[in-house]
Structure formats: C-alpha cells, structure tokens
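There is one chain below, alone, in structure tokens, taken in the form predicted on its own.
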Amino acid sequence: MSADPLVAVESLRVTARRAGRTYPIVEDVSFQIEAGSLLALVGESGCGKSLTAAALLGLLPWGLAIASGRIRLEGQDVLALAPAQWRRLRGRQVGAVFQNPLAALNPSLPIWKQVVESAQLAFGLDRPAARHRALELLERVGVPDAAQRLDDYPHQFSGGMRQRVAIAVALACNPRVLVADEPTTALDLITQAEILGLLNRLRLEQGLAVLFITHDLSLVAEYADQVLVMYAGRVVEQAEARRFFAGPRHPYSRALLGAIPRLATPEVRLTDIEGLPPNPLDYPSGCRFAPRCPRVIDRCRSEDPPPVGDERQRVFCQRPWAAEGI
C-alpha cells in the first residue's frame, strides 16, 4: 500500500442505541484505496456494506453513530471535522453514486440543474457556465445527444441513462474519491457492463479512488484491484483481486464465489449457504459465520477468528482454506 492513500479507514466501529443498550453493527473495518484503484466491498444484503459507505460519507441513518476508528480522505481526518465542514467535503472530495437513480434524482428539476447544483455552490458558476459544465459532464459519462437533453427530466431517461446522470452528478466537483453503492442492481446485464466499464474508464482517466459496493462477485472480477468481503458487520477476507478470484480462503468467500454460474462448467452444482445472516442486535459469540459454516469447530463458536495471511490476502478464520499460489 502507498504511504498516502486517498482513502484510509482504520478500525471503524458503528453502533446502534436501542432501549438503553449499545449494539455493534459494524466492527473493526479497515481498508485503504489508492488513486486509480477500485476496491470492491462485497457480501450478502445486511452485512454492513452500505453502512460502511454511509460512515465514510458522514450520512449514517438516525440512531447510528461512529463509536471509534479513523476515516482519512486525502490525509484529512474527517471524524475531527464539524458537521458544516463535512458537508463542504462531500461532493468536492468525495462523490457518491447510489443504488436507485430514480430516487436519487429530483423528478421536478431538469437534469442540467441537478448535475451542476453542487458545482454551482462550490464554484459560484453563473447560468451559462453551469449549463456548459452540465453538458461536459453528460458527454463525459456517455449520454447520447447530451445538448438536446439538458432540459429533460429524470422520467424521460432509461434506467441506464439515469445512472449515467447520477454518475455525472457525483463527478460535478471533480472529487478524488467515488463511492458507488450497488449502482447496477436494478439494471439489465448489458447495461450493468456498460456502467461498470464507464466507472472503470473514469477512475483510470481521472485517478479516482473507487469504493464499489455490491453483493455480486461476478460484477467485479474484471475491474477490481482489491476485494473486501464482509459478513455480519465484520471483514472476513481482504485480498488482491487476482489472488482472491484464484482461491478465496474463507468458507463464506468460497460459498459466494461458488454461487456464480459458469458457462464453462454448467454441470457443476452451484453453492448454497444454509440459514440466514444473524440479527445485528443479536450477533453470536465467536465467529459470526459459525452457525452456517460447513468447516465449523467448537473453537469457532467461542473465540473471535484470528487474522491469517499477509497484506496480499488476509482472512479471519480458525480453519481457512489453504492459500493457492499465483
């Protein structure tokens, strides 16, 4: 890792307060993202991926709070900032692309106004300069006939085009960090590939540090530099992407990868994971994956799993699969 990554999250802990008690929701999450790199944060729904992103953006839902840890963006400790300072940071240093662009965009405003609203606030653009900036951004993200569509409204765009507009909104102030929270979930496979290709092109051209959140490992195999797997609020495996896809070591990671259909081996049965993730307000002791793990031993149910491996591939497990050479 570089000495000065654009994003550095250290031992992040997010808690919820209910009936006078404090519950850990996200625990001990650490990662770094360098300029021009894409980190894929993966796992089942409810594992803490979006809450980790919300903490990074300072947008945690009511009732949740960052209890401990550090978040640095371009070397700046954002947890030490006042709320007004953090608001100014969003958009300028870190942009966000959310899962549902139809919900993220305002149905009552034309596209050009939404694309450049943050840039107008940040740089004081007048109307002609703002429209020109909106046109530049829409063309950059591949919206066809962008000049003729500046005054259109969100409902006049397809799902894929709305997502491109949402990406343009995130890029309006030229941020160095981009958080993409499941931006392809509601799209067909061809459009998913187009959006991922667009994000990949932009991060290489502009040197963005991208946090890409998804529950679908097949989406990130081609583009990710690092993979971080979460389960029940904890990191269970973190690895260089090529090492991870060559041989994940955690049983949960193996199960996720084994659930992806492969055209080359259609006769191979897909992996299923019995049971359900635990309730965040009632996490089990020891390894949180133990109740569903096929390799569980008694120690797994009573002791927290130790880190195994090095910075190229680290897994938190009592009985990890053996590392596979690359």
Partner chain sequence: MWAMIVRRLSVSAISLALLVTLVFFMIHATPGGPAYSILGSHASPQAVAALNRQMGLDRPLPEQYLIWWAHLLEGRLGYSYIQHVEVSHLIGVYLERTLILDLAALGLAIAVAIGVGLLQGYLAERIGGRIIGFFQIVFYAMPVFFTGILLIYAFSMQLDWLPPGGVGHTLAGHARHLVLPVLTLALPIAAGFSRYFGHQAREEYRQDYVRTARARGLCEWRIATHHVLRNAVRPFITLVGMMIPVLFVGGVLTESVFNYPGLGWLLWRSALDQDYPTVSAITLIIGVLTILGNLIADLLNSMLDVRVRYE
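For clarity, every value in this text was computed on a predicted model and none was experimentally measured. Residue numbers count along the first chain shown, from 1.
Heads up, the form predicted together with its partner chain isn't pictured, but that's what we're talking about next.
- You can rule out all but one of 56-64, 279-287, 25-33, 38-46: in the predicted bound form, only 56-64 has residues with a heavy atom within 4.5 Å of its partner chain.
- Using a 4.5 Å cut-off to its partner chain in the predicted bound form, not one of Gly247, Asp310 and Val315 places a heavy atom inside that distance.
- Residue in contact with its partner chain in the predicted bound form (any heavy atom within 4.5 Å), chosen from Leu204, Leu109, Ala80, Leu189: Leu109.
- Contact with its partner chain in the predicted bound form, judged by any heavy atom within 4.5 Å, is made by just one of Glu136, Glu240, Glu117, Asp216: Glu117.
- At the 4.5 Å threshold, heavy atoms of Asn200 stay clear of its partner chain in the predicted bound form, well away from it.
- Within 4.5 Å of some heavy atom of its partner chain in the predicted bound form lies at least one heavy atom of Phe98.
- For Val169, a non-hydrogen atom is located within 4.5 Å of its partner chain in the predicted bound form, even though that partner is not displayed.
- Looking at Ile71, you'd find every heavy atom of it more than 4.5 angstroms from its partner chain in the predicted bound form.
- Counting a residue when any of its non-hydrogen atoms is within 4.5 Å of its partner chain in the predicted bound form, the hits in 147-175 run Tyr153, His155, Val169.
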